[in-house]
Ligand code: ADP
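Given as C-alpha coordinates, the chain that follows is alone and in the form predicted alone.
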Amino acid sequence: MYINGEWVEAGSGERFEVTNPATGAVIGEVADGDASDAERAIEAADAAFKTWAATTAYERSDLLHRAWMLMTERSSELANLMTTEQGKPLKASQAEVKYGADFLRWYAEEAKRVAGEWLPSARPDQRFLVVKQPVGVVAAITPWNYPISMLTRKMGPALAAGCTLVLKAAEATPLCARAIFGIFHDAGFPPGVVNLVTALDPKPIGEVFTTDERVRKLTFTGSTAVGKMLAGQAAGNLKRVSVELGGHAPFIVFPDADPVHAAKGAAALKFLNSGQACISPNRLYVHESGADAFHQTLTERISKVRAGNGMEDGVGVGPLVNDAAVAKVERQVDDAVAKGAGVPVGGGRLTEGDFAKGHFFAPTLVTGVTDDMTIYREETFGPVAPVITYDDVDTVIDRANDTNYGLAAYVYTQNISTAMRTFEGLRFGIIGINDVNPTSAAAPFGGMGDSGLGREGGHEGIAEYLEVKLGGFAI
(Lines give C-alpha, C1' and ligand atoms only; values in the text may rest on other atoms or scores of the structure.)
Protein backbone atom coordinates (compact mmCIF):
# COMPACT_ATOMS: atom_id res chain seq x y z
CA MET A 1 0.00 0.00 0.00
CA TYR A 2 1.05 3.63 -0.30
CA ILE A 3 0.63 5.65 2.91
CA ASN A 4 2.26 8.95 3.84
CA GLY A 5 4.63 8.85 0.90
CA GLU A 6 5.91 5.32 1.55
CA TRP A 7 5.21 1.83 0.22
CA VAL A 8 4.08 -0.23 3.20
CA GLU A 9 2.67 -3.62 4.05
CA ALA A 10 -0.63 -4.16 5.85
CA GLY A 11 -0.44 -3.93 9.62
CA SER A 12 -1.39 -7.59 9.78
CA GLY A 13 1.29 -8.58 7.30
CA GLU A 14 -1.33 -10.37 5.20
CA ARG A 15 -1.27 -10.34 1.38
CA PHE A 16 -3.55 -11.63 -1.37
CA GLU A 17 -2.98 -12.88 -4.90
CA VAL A 18 -4.09 -11.16 -8.10
CA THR A 19 -5.06 -13.30 -11.09
CA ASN A 20 -5.49 -12.87 -14.83
CA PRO A 21 -9.22 -13.37 -15.64
CA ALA A 22 -8.36 -14.77 -19.07
CA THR A 23 -6.07 -17.54 -17.85
CA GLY A 24 -6.53 -17.85 -14.11
CA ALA A 25 -2.77 -17.41 -13.67
CA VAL A 26 -1.46 -15.56 -10.61
CA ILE A 27 0.20 -12.36 -11.80
CA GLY A 28 1.12 -10.74 -8.48
CA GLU A 29 0.16 -10.11 -4.90
CA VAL A 30 -0.54 -7.03 -2.80
CA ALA A 31 -1.03 -6.07 0.83
CA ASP A 32 -4.35 -7.15 2.32
CA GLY A 33 -5.32 -4.14 4.41
CA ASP A 34 -8.02 -3.78 7.03
CA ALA A 35 -9.75 -1.05 9.04
CA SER A 36 -6.57 -0.13 10.94
CA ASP A 37 -4.72 0.44 7.67
CA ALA A 38 -7.51 2.67 6.41
CA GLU A 39 -7.26 4.67 9.63
CA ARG A 40 -3.50 5.00 9.15
CA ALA A 41 -4.05 6.37 5.66
CA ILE A 42 -6.73 8.81 6.82
CA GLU A 43 -4.41 10.03 9.57
CA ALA A 44 -1.72 10.74 6.97
CA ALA A 45 -4.17 12.53 4.67
CA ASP A 46 -5.55 14.59 7.54
CA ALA A 47 -2.07 15.63 8.68
CA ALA A 48 -1.12 16.69 5.14
CA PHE A 49 -4.33 18.56 4.37
CA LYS A 50 -3.55 21.95 5.90
CA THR A 51 -0.25 22.33 4.08
CA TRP A 52 -1.57 20.96 0.78
CA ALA A 53 -4.66 23.17 0.85
CA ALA A 54 -2.38 26.19 1.35
CA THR A 55 -0.33 25.49 -1.78
CA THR A 56 -1.04 27.72 -4.74
CA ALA A 57 -3.20 26.56 -7.59
CA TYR A 58 -0.16 26.86 -9.82
CA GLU A 59 1.85 24.46 -7.64
CA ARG A 60 -0.95 21.89 -7.70
CA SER A 61 -1.33 22.39 -11.43
CA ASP A 62 2.37 21.78 -12.06
CA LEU A 63 2.32 18.52 -10.11
CA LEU A 64 -0.75 17.25 -11.92
CA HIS A 65 0.81 18.18 -15.25
CA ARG A 66 3.95 16.28 -14.28
CA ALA A 67 1.83 13.24 -13.39
CA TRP A 68 0.12 13.51 -16.79
CA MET A 69 3.48 13.55 -18.55
CA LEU A 70 4.70 10.49 -16.62
CA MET A 71 1.45 8.64 -17.30
CA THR A 72 1.79 9.41 -21.00
CA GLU A 73 5.39 8.24 -21.04
CA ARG A 74 4.40 4.96 -19.34
CA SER A 75 1.25 4.41 -21.39
CA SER A 76 2.42 1.18 -23.05
CA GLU A 77 3.47 -0.35 -19.74
CA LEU A 78 0.16 0.66 -18.13
CA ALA A 79 -1.92 -0.72 -21.02
CA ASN A 80 -0.15 -4.07 -20.92
CA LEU A 81 -0.68 -4.30 -17.18
CA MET A 82 -4.36 -3.45 -17.51
CA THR A 83 -5.01 -6.12 -20.12
CA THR A 84 -3.19 -8.70 -18.03
CA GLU A 85 -5.01 -7.80 -14.83
CA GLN A 86 -8.46 -6.75 -16.05
CA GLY A 87 -8.74 -8.63 -19.34
CA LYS A 88 -9.89 -6.04 -21.86
CA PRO A 89 -8.29 -6.10 -25.33
CA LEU A 90 -4.97 -4.27 -25.52
CA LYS A 91 -6.32 -1.65 -27.91
CA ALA A 92 -9.08 -0.80 -25.41
CA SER A 93 -6.53 -0.61 -22.60
CA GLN A 94 -4.43 1.81 -24.61
CA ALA A 95 -7.51 3.99 -25.18
CA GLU A 96 -8.34 3.93 -21.47
CA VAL A 97 -4.84 4.97 -20.44
CA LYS A 98 -5.08 8.00 -22.71
CA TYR A 99 -8.57 8.79 -21.40
CA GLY A 100 -7.34 8.47 -17.81
CA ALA A 101 -4.35 10.71 -18.47
CA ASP A 102 -6.66 13.33 -19.97
CA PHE A 103 -8.25 13.86 -16.54
CA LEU A 104 -4.89 14.83 -15.08
CA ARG A 105 -4.21 17.29 -17.88
CA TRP A 106 -7.72 18.76 -17.71
CA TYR A 107 -7.66 19.27 -13.94
CA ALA A 108 -4.13 20.63 -14.05
CA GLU A 109 -5.78 23.53 -15.86
CA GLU A 110 -8.98 23.57 -13.82
CA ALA A 111 -6.92 24.03 -10.65
CA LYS A 112 -6.21 27.55 -11.89
CA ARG A 113 -9.83 28.25 -12.81
CA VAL A 114 -11.37 27.99 -9.33
CA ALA A 115 -12.69 31.48 -8.75
CA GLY A 116 -14.90 33.34 -6.30
CA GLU A 117 -16.91 36.52 -6.80
CA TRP A 118 -17.97 39.81 -5.28
CA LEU A 119 -21.72 40.14 -4.73
CA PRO A 120 -23.64 43.40 -4.41
CA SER A 121 -25.39 44.33 -1.18
CA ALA A 122 -28.43 46.49 -0.53
CA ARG A 123 -26.39 48.24 2.18
CA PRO A 124 -23.83 50.84 1.11
CA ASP A 125 -21.51 49.87 3.99
CA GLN A 126 -21.48 46.15 3.18
CA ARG A 127 -19.57 43.95 0.73
CA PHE A 128 -20.00 40.22 0.04
CA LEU A 129 -17.11 37.99 -0.97
CA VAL A 130 -17.60 34.38 -2.08
CA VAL A 131 -14.63 32.00 -2.12
CA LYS A 132 -14.28 28.29 -2.81
CA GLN A 133 -12.06 26.12 -0.63
CA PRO A 134 -11.21 22.38 -0.56
CA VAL A 135 -13.70 20.25 1.33
CA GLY A 136 -11.00 18.30 3.20
CA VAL A 137 -9.92 14.66 3.27
CA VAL A 138 -11.52 12.63 0.47
CA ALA A 139 -12.15 8.88 0.62
CA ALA A 140 -12.43 7.29 -2.83
CA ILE A 141 -13.53 3.78 -3.79
CA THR A 142 -12.92 2.74 -7.40
CA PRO A 143 -14.14 -0.18 -9.57
CA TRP A 144 -12.39 -2.93 -11.51
CA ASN A 145 -13.94 -2.38 -14.93
CA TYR A 146 -11.96 0.81 -15.65
CA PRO A 147 -9.05 0.33 -13.26
CA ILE A 148 -7.02 3.37 -14.31
CA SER A 149 -9.36 6.06 -15.64
CA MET A 150 -11.71 5.77 -12.67
CA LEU A 151 -8.78 6.60 -10.39
CA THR A 152 -7.63 9.68 -12.24
CA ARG A 153 -11.21 10.87 -12.76
CA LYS A 154 -11.46 11.20 -8.97
CA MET A 155 -7.88 12.04 -8.04
CA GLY A 156 -7.47 14.79 -10.63
CA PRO A 157 -10.26 17.11 -9.40
CA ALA A 158 -9.75 16.30 -5.72
CA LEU A 159 -6.06 17.23 -5.84
CA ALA A 160 -6.67 20.23 -8.07
CA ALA A 161 -9.17 21.55 -5.51
CA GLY A 162 -6.62 21.21 -2.69
CA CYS A 163 -8.01 18.08 -1.03
CA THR A 164 -5.93 15.15 0.20
CA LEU A 165 -7.08 11.67 -0.60
CA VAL A 166 -7.27 8.04 0.51
CA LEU A 167 -8.20 5.57 -2.22
CA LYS A 168 -9.37 1.99 -1.80
CA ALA A 169 -8.71 0.17 -5.08
CA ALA A 170 -10.89 -2.62 -6.43
CA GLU A 171 -9.75 -5.97 -5.09
CA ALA A 172 -9.69 -7.43 -8.63
CA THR A 173 -7.34 -4.77 -10.05
CA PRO A 174 -4.96 -3.47 -7.35
CA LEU A 175 -1.86 -3.70 -9.56
CA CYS A 176 -3.17 -0.97 -11.88
CA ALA A 177 -3.84 1.23 -8.86
CA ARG A 178 -0.35 0.61 -7.53
CA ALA A 179 1.13 1.65 -10.88
CA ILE A 180 -0.85 4.90 -10.87
CA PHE A 181 0.24 5.75 -7.34
CA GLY A 182 3.81 5.08 -8.44
CA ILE A 183 3.32 7.85 -10.97
CA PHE A 184 2.06 10.29 -8.34
CA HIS A 185 5.00 9.38 -6.12
CA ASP A 186 7.50 9.97 -8.93
CA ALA A 187 5.76 13.22 -9.87
CA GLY A 188 6.68 14.56 -6.42
CA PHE A 189 3.38 14.83 -4.57
CA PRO A 190 4.12 15.49 -0.87
CA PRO A 191 3.74 12.67 1.68
CA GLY A 192 0.17 12.12 2.84
CA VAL A 193 -1.48 13.92 -0.08
CA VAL A 194 -2.33 10.68 -1.91
CA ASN A 195 -2.72 7.36 -0.11
CA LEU A 196 -3.61 3.89 -1.37
CA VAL A 197 -5.19 1.04 0.59
CA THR A 198 -5.64 -2.40 -0.93
CA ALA A 199 -7.84 -5.07 0.63
CA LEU A 200 -9.48 -8.33 -0.38
CA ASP A 201 -12.51 -7.54 1.82
CA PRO A 202 -13.74 -4.01 1.08
CA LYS A 203 -16.38 -3.85 3.81
CA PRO A 204 -14.18 -2.83 6.80
CA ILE A 205 -12.51 -0.15 4.67
CA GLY A 206 -15.87 1.25 3.59
CA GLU A 207 -17.08 1.36 7.19
CA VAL A 208 -14.04 3.43 8.20
CA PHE A 209 -14.48 5.75 5.23
CA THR A 210 -18.11 6.46 6.07
CA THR A 211 -17.72 6.84 9.85
CA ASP A 212 -14.35 8.54 10.40
CA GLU A 213 -15.03 12.22 11.10
CA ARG A 214 -11.78 13.27 9.45
CA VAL A 215 -13.15 12.17 6.07
CA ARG A 216 -15.30 14.99 4.73
CA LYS A 217 -16.11 13.63 1.28
CA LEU A 218 -16.85 10.15 -0.07
CA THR A 219 -16.70 9.35 -3.78
CA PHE A 220 -17.64 5.89 -5.05
CA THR A 221 -18.05 4.17 -8.39
CA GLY A 222 -19.66 0.74 -8.38
CA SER A 223 -22.95 -1.06 -7.97
CA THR A 224 -26.15 0.71 -7.01
CA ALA A 225 -26.69 -1.55 -4.00
CA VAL A 226 -23.28 -0.79 -2.49
CA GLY A 227 -23.50 2.88 -3.41
CA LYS A 228 -26.81 3.27 -1.60
CA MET A 229 -25.41 1.54 1.47
CA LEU A 230 -22.30 3.73 1.58
CA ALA A 231 -24.28 6.92 0.97
CA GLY A 232 -26.64 5.99 3.79
CA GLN A 233 -23.77 5.40 6.19
CA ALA A 234 -22.05 8.63 5.16
CA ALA A 235 -25.28 10.58 5.68
CA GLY A 236 -25.08 9.82 9.38
CA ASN A 237 -21.92 11.94 9.52
CA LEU A 238 -23.14 14.56 7.01
CA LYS A 239 -20.29 13.84 4.62
CA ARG A 240 -20.33 15.15 1.09
CA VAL A 241 -21.14 12.23 -1.23
CA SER A 242 -20.87 11.59 -4.95
CA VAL A 243 -21.65 8.14 -6.32
CA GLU A 244 -21.58 6.88 -9.90
CA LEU A 245 -23.61 3.69 -9.99
CA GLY A 246 -25.25 1.23 -12.35
CA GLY A 247 -27.05 1.85 -15.59
CA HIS A 248 -29.62 0.32 -17.90
CA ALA A 249 -29.13 2.36 -21.03
CA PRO A 250 -31.74 2.48 -23.79
CA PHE A 251 -30.61 2.71 -27.42
CA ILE A 252 -33.42 4.08 -29.58
CA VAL A 253 -33.40 3.76 -33.36
CA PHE A 254 -36.14 5.96 -34.86
CA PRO A 255 -37.82 5.12 -38.20
CA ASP A 256 -35.98 7.89 -40.06
CA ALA A 257 -32.54 6.64 -38.98
CA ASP A 258 -30.34 4.41 -41.11
CA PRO A 259 -30.73 1.04 -39.32
CA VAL A 260 -27.45 -0.30 -40.70
CA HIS A 261 -25.50 2.69 -39.43
CA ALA A 262 -27.26 2.45 -36.06
CA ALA A 263 -26.51 -1.29 -35.79
CA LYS A 264 -22.83 -0.67 -36.47
CA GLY A 265 -22.77 1.89 -33.67
CA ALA A 266 -24.62 -0.44 -31.30
CA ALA A 267 -22.20 -3.29 -31.99
CA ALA A 268 -19.16 -1.08 -31.43
CA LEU A 269 -20.51 0.23 -28.13
CA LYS A 270 -22.18 -2.88 -26.71
CA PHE A 271 -19.06 -5.05 -26.73
CA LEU A 272 -16.69 -2.41 -25.44
CA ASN A 273 -15.01 -3.83 -22.33
CA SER A 274 -17.01 -7.05 -22.87
CA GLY A 275 -20.16 -5.09 -22.03
CA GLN A 276 -18.78 -4.36 -18.56
CA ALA A 277 -19.48 -0.64 -18.68
CA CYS A 278 -22.15 1.28 -16.81
CA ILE A 279 -22.99 3.22 -19.99
CA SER A 280 -23.31 0.07 -22.10
CA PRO A 281 -26.64 -0.12 -23.99
CA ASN A 282 -28.89 -2.70 -22.36
CA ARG A 283 -32.15 -2.21 -24.26
CA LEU A 284 -31.92 -1.69 -28.01
CA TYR A 285 -35.24 -0.35 -29.33
CA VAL A 286 -35.53 -0.54 -33.12
CA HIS A 287 -38.63 0.46 -35.08
CA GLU A 288 -40.26 -2.42 -36.93
CA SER A 289 -39.67 -0.70 -40.28
CA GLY A 290 -35.91 -1.07 -39.87
CA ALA A 291 -35.79 -4.18 -37.68
CA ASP A 292 -34.74 -6.65 -40.38
CA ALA A 293 -31.78 -4.57 -41.55
CA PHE A 294 -30.80 -3.82 -37.94
CA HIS A 295 -30.94 -7.50 -36.95
CA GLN A 296 -29.03 -8.61 -40.04
CA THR A 297 -26.25 -6.07 -39.52
CA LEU A 298 -25.96 -6.85 -35.81
CA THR A 299 -25.85 -10.58 -36.56
CA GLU A 300 -23.05 -10.09 -39.10
CA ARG A 301 -21.08 -7.78 -36.81
CA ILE A 302 -21.42 -9.89 -33.66
CA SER A 303 -20.53 -13.06 -35.54
CA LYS A 304 -17.17 -11.48 -36.38
CA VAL A 305 -16.38 -10.41 -32.80
CA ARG A 306 -13.65 -12.69 -31.52
CA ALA A 307 -13.49 -13.54 -27.83
CA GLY A 308 -10.22 -14.39 -26.16
CA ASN A 309 -7.18 -13.20 -24.26
CA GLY A 310 -6.92 -9.43 -24.68
CA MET A 311 -3.20 -9.68 -25.42
CA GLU A 312 -3.91 -11.52 -28.69
CA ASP A 313 -4.32 -9.62 -31.95
CA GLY A 314 -7.86 -9.44 -33.27
CA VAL A 315 -9.61 -10.12 -29.98
CA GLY A 316 -12.64 -7.85 -29.53
CA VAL A 317 -14.10 -9.28 -26.32
CA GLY A 318 -12.06 -10.33 -23.33
CA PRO A 319 -13.06 -12.26 -20.22
CA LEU A 320 -15.59 -11.18 -17.62
CA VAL A 321 -14.29 -10.31 -14.19
CA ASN A 322 -15.15 -13.61 -12.49
CA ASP A 323 -17.33 -16.69 -12.70
CA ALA A 324 -20.22 -15.00 -10.85
CA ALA A 325 -20.38 -12.40 -13.64
CA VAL A 326 -20.57 -15.14 -16.26
CA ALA A 327 -23.30 -16.90 -14.30
CA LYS A 328 -25.37 -13.70 -14.13
CA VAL A 329 -25.21 -13.20 -17.89
CA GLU A 330 -26.04 -16.86 -18.47
CA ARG A 331 -29.12 -16.64 -16.23
CA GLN A 332 -30.41 -13.58 -18.08
CA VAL A 333 -30.00 -15.18 -21.50
CA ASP A 334 -31.54 -18.47 -20.39
CA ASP A 335 -34.51 -16.60 -18.88
CA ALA A 336 -35.04 -14.68 -22.12
CA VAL A 337 -34.93 -17.86 -24.22
CA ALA A 338 -37.37 -19.61 -21.88
CA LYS A 339 -39.79 -16.72 -22.41
CA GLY A 340 -39.61 -16.80 -26.20
CA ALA A 341 -36.53 -14.77 -27.21
CA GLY A 342 -34.32 -15.77 -30.12
CA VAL A 343 -30.52 -16.05 -30.00
CA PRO A 344 -29.14 -15.94 -33.54
CA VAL A 345 -25.56 -15.44 -32.31
CA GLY A 346 -23.78 -16.74 -29.22
CA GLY A 347 -25.82 -17.50 -26.14
CA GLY A 348 -23.55 -19.38 -23.78
CA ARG A 349 -20.31 -19.75 -21.86
CA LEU A 350 -17.05 -20.41 -23.66
CA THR A 351 -15.26 -23.23 -21.87
CA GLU A 352 -13.27 -25.22 -24.42
CA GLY A 353 -9.55 -25.02 -25.13
CA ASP A 354 -7.98 -21.66 -24.29
CA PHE A 355 -11.23 -20.55 -22.64
CA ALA A 356 -11.18 -23.32 -20.04
CA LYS A 357 -9.36 -21.44 -17.28
CA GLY A 358 -10.90 -18.01 -17.89
CA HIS A 359 -14.30 -16.37 -17.45
CA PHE A 360 -15.73 -16.05 -20.94
CA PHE A 361 -19.19 -15.60 -22.42
CA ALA A 362 -19.79 -15.61 -26.16
CA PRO A 363 -20.71 -12.31 -27.86
CA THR A 364 -24.48 -12.69 -28.04
CA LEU A 365 -27.50 -11.22 -29.80
CA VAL A 366 -30.93 -11.69 -28.21
CA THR A 367 -33.99 -10.78 -30.29
CA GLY A 368 -37.67 -10.58 -29.47
CA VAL A 369 -37.00 -9.23 -25.99
CA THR A 370 -40.13 -8.34 -23.98
CA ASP A 371 -40.64 -6.45 -20.76
CA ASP A 372 -41.31 -9.60 -18.70
CA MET A 373 -37.75 -10.82 -19.21
CA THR A 374 -35.06 -10.30 -16.58
CA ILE A 375 -32.67 -8.85 -19.15
CA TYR A 376 -35.19 -6.09 -19.86
CA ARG A 377 -35.09 -4.94 -16.23
CA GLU A 378 -31.64 -5.76 -14.85
CA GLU A 379 -28.24 -4.45 -15.85
CA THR A 380 -26.39 -7.22 -17.69
CA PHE A 381 -22.73 -6.17 -17.50
CA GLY A 382 -21.77 -8.64 -20.19
CA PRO A 383 -21.43 -9.08 -23.98
CA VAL A 384 -25.13 -9.45 -24.77
CA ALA A 385 -27.16 -7.17 -27.06
CA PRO A 386 -30.93 -7.41 -26.27
CA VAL A 387 -33.14 -6.05 -29.08
CA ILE A 388 -36.73 -4.88 -28.66
CA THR A 389 -38.84 -4.18 -31.75
CA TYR A 390 -41.41 -1.40 -31.34
CA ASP A 391 -44.15 0.06 -33.51
CA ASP A 392 -45.34 3.18 -31.66
CA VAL A 393 -42.95 6.12 -31.93
CA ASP A 394 -45.04 8.16 -29.50
CA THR A 395 -44.48 5.72 -26.62
CA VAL A 396 -40.85 4.67 -27.11
CA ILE A 397 -39.49 7.49 -24.92
CA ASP A 398 -41.78 6.41 -22.09
CA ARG A 399 -40.61 2.83 -22.51
CA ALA A 400 -36.99 3.93 -22.43
CA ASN A 401 -37.65 5.89 -19.23
CA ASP A 402 -39.30 2.87 -17.60
CA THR A 403 -36.35 2.13 -15.32
CA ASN A 404 -34.99 3.34 -11.99
CA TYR A 405 -31.61 3.90 -13.62
CA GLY A 406 -30.75 7.11 -15.39
CA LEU A 407 -27.13 7.15 -16.49
CA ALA A 408 -26.78 6.97 -20.28
CA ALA A 409 -29.04 6.74 -23.31
CA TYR A 410 -28.50 6.72 -27.07
CA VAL A 411 -30.63 7.99 -29.92
CA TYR A 412 -30.34 7.52 -33.67
CA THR A 413 -32.35 9.88 -35.87
CA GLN A 414 -31.81 12.21 -38.81
CA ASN A 415 -34.54 14.60 -37.70
CA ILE A 416 -33.43 17.55 -35.54
CA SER A 417 -36.88 17.90 -33.97
CA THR A 418 -36.93 14.23 -32.98
CA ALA A 419 -33.41 14.54 -31.61
CA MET A 420 -34.24 17.57 -29.49
CA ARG A 421 -37.55 16.22 -28.25
CA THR A 422 -35.93 12.92 -27.27
CA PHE A 423 -32.92 14.61 -25.66
CA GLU A 424 -35.26 16.71 -23.50
CA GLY A 425 -37.65 13.83 -22.74
CA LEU A 426 -35.20 11.12 -21.68
CA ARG A 427 -34.42 11.07 -17.95
CA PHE A 428 -30.75 10.21 -18.22
CA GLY A 429 -27.64 12.19 -17.36
CA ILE A 430 -25.71 11.43 -20.56
CA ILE A 431 -27.33 11.13 -23.97
CA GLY A 432 -25.56 10.36 -27.23
CA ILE A 433 -27.37 11.64 -30.32
CA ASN A 434 -26.00 9.60 -33.24
CA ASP A 435 -22.94 9.29 -31.00
CA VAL A 436 -21.78 6.20 -29.12
CA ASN A 437 -19.00 7.95 -27.21
CA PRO A 438 -20.50 11.01 -25.45
CA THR A 439 -17.73 11.17 -22.84
CA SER A 440 -14.62 13.26 -22.30
CA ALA A 441 -12.52 14.62 -19.45
CA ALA A 442 -13.94 18.03 -20.37
CA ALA A 443 -17.58 16.89 -20.11
CA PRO A 444 -19.67 16.16 -16.99
CA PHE A 445 -20.36 12.46 -16.39
CA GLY A 446 -23.07 11.22 -14.05
CA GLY A 447 -26.61 9.97 -13.78
CA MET A 448 -30.07 10.42 -12.32
CA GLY A 449 -32.16 8.19 -10.10
CA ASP A 450 -30.49 4.95 -9.05
CA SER A 451 -27.51 5.77 -11.26
CA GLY A 452 -26.03 8.14 -8.72
CA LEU A 453 -25.39 11.59 -7.34
CA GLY A 454 -22.98 14.26 -8.54
CA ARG A 455 -20.84 14.61 -11.65
CA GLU A 456 -17.30 13.72 -12.60
CA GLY A 457 -15.33 15.46 -15.34
CA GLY A 458 -15.78 18.93 -16.76
CA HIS A 459 -16.15 22.11 -14.71
CA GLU A 460 -18.71 20.30 -12.58
CA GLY A 461 -16.23 17.66 -11.48
CA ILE A 462 -14.04 19.95 -9.39
CA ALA A 463 -17.08 21.57 -7.77
CA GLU A 464 -17.74 18.25 -6.00
CA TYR A 465 -14.57 18.83 -3.95
CA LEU A 466 -15.09 22.48 -3.03
CA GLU A 467 -16.93 24.24 -0.22
CA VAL A 468 -18.48 27.66 -0.87
CA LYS A 469 -17.69 30.25 1.80
CA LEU A 470 -19.35 33.65 2.12
CA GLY A 471 -17.80 36.67 3.77
CA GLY A 472 -19.94 39.68 4.67
CA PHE A 473 -17.74 42.75 5.22
CA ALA A 474 -19.03 45.89 6.96
CA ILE A 475 -16.88 48.86 5.92
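A residue's number is simply how far along the shown sequence it sits, counting from 1. Keep in mind the model is a prediction, meaning the values are calculated, not measured.
FYI, the form predicted together with adenosine-5'-diphosphate (ADP) isn't displayed, but the following is about it.
Relative to adenosine-5'-diphosphate (ADP) in the predicted complex, residues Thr142, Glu171 and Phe220 are all within 4.5 Å by at least one heavy atom. Stretch 227 to 235 is the contacting one of 359 to 367, 76 to 84, 227 to 235, 126 to 134, since its residues have non-hydrogen atoms within 4.5 Å of adenosine-5'-diphosphate (ADP) in the predicted complex. Of the listed positions (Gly265, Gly290, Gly347, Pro202), a single one reaches within 4.5 angstroms of adenosine-5'-diphosphate (ADP) by any non-hydrogen atom in the predicted complex, namely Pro202.
Contact with adenosine-5'-diphosphate (ADP) in the predicted complex, defined as a heavy atom within 4.5 Å, holds for exactly one of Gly206, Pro319, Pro259, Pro147, namely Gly206.
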